[in-house]
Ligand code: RIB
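Presented below, as structure tokens, is a lone chain in the form predicted on its own.
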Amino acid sequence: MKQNVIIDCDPGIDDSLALMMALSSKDIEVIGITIVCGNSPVEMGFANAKKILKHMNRLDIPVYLGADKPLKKEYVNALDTHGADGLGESFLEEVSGYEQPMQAVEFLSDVLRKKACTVIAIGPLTNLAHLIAYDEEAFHRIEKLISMGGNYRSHGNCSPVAEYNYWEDPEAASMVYAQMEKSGKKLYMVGLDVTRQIVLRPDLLSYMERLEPLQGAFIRRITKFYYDFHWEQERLIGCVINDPLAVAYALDPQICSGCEAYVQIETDGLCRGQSVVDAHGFCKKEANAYVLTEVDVKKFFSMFFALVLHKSASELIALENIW
């Protein structure tokens, strides 16, 4: 049976790649996309999601507007990373219409009370915090919660210690982790420790273009700004595509490994947004998260290419030579 999935996102270049990956899988059914402010303002994220759905010929999937600001702090977008349009300044044609009658939190509440769903949250956790306040029981009915956010041993990407999604709305992230502790379930934290290893190098992108010219050209178009940003900021030849790893983990948990731990999100000062991972049990609290620490990079890219390019394993045989 297909896994029912809701994707909560803030498109965003890597969010868009994650959406393309999820929409290409035969093993998951994307039943809805909820938009939160983060990489891009919520209205821009809504527009970008529709652009990706149009590109994938999947405008049948509903998209719901969510939070337009964090719970407490001032909203700070990441358009310096993702471009003025949030999609690498590709300035794709706008897709009109498709507005939904309900907001993201109403959709989440309604669906989660009706069916088992995995939620893949690849933006700030504001929408899920609003869901907790609106319908706590519905939140606890989430079958599996995968969050691209946080970091354990890796340094931060927007402060010395914090990853952007949790830094953007630390109060929301703190609330979600506290609720996981209350429920006895575990959040699957796909943090910078593993996502920093998922680098789309120029040779990999060229390989994609060789295999599937049109899709490869589309990905080059939306990632060029991202490549330039990573070079200017980190002298990295390539771009880190964080969010697709969360989708890959939903499809195949064997692609990553990690440890169970109690995690708390700091909400103030220099450490705002830091995910404090008590991997050694100092707090004497039950684990509320499974923190990913290792990833099979080759296995990820084999999956990513197979899905996004619609290729079989035999058609990807040359991928082995790239490593």
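Residue positions are given as counts along the sequence shown, with the first one as 1. Remember, it's a predicted structure, so these values are computed and weren't measured experimentally.
The following text describes the form predicted in complex with the ligand, which does not appear among the structures shown.
S.K.: For the ligand, considered in the predicted bound form: do all three of Thr126, Asp169 and Gln274 come within 4.5 Å of it, counting heavy atoms only?
M.R.: The answer is no; none of Thr126, Asp169 and Gln274 reaches the ligand.
S.K.: Just give me the single entry in Ile122, Val247, Val194, Leu87 that has a non-hydrogen atom within 4.5 angstroms of the ligand in the predicted bound form.
M.R.: Contact check passes for Ile122.
S.K.: Answer with one of Tyr177, Tyr164, Tyr188, Tyr152: the residue that has a non-hydrogen atom within 4.5 Å of the ligand in the predicted bound form.
M.R.: Partner contact (heavy atom, 4.5 Å) among the options: Tyr164.
S.K.: Is Asn48 a contact residue for the ligand in the predicted bound form, using a 4.5 Å heavy atom cut-off?
M.R.: The answer is no: Asn48 has no heavy atom within 4.5 Å of the ligand.
S.K.: Contact with the ligand in the predicted bound form for Asn39, defined as at least one heavy atom pair within 4.5 Å: yes or no?
M.R.: Yes, contact at 4.5 Å.
S.K.: With heavy atoms only and a cut-off of 4.5 Å, decide whether Met148 touches the ligand in the predicted bound form.
M.R.: The answer is yes: Met148 has a heavy atom within 4.5 Å of the ligand.
S.K.: Verify the contact flag for Asn157: yes if a non-hydrogen atom of it lies within 4.5 Å of a non-hydrogen atom of the ligand in the predicted bound form, no if not.
M.R.: Asn157: contacts the ligand in the predicted bound form.
S.K.: Counting only non-hydrogen atoms, choose the one of 103 to 111, 67 to 75, 178 to 186, 237 to 245 that falls within 4.5 Å of the ligand in the predicted bound form.
M.R.: Of the options, only 237 to 245 has residues within 4.5 Å of the partner.
S.K.: Any residue of 11 to 32 with a heavy atom within 4.5 Å of the ligand in the predicted bound form counts; write them all down in order.
M.R.: Asp14, Asp15, in sequence order.
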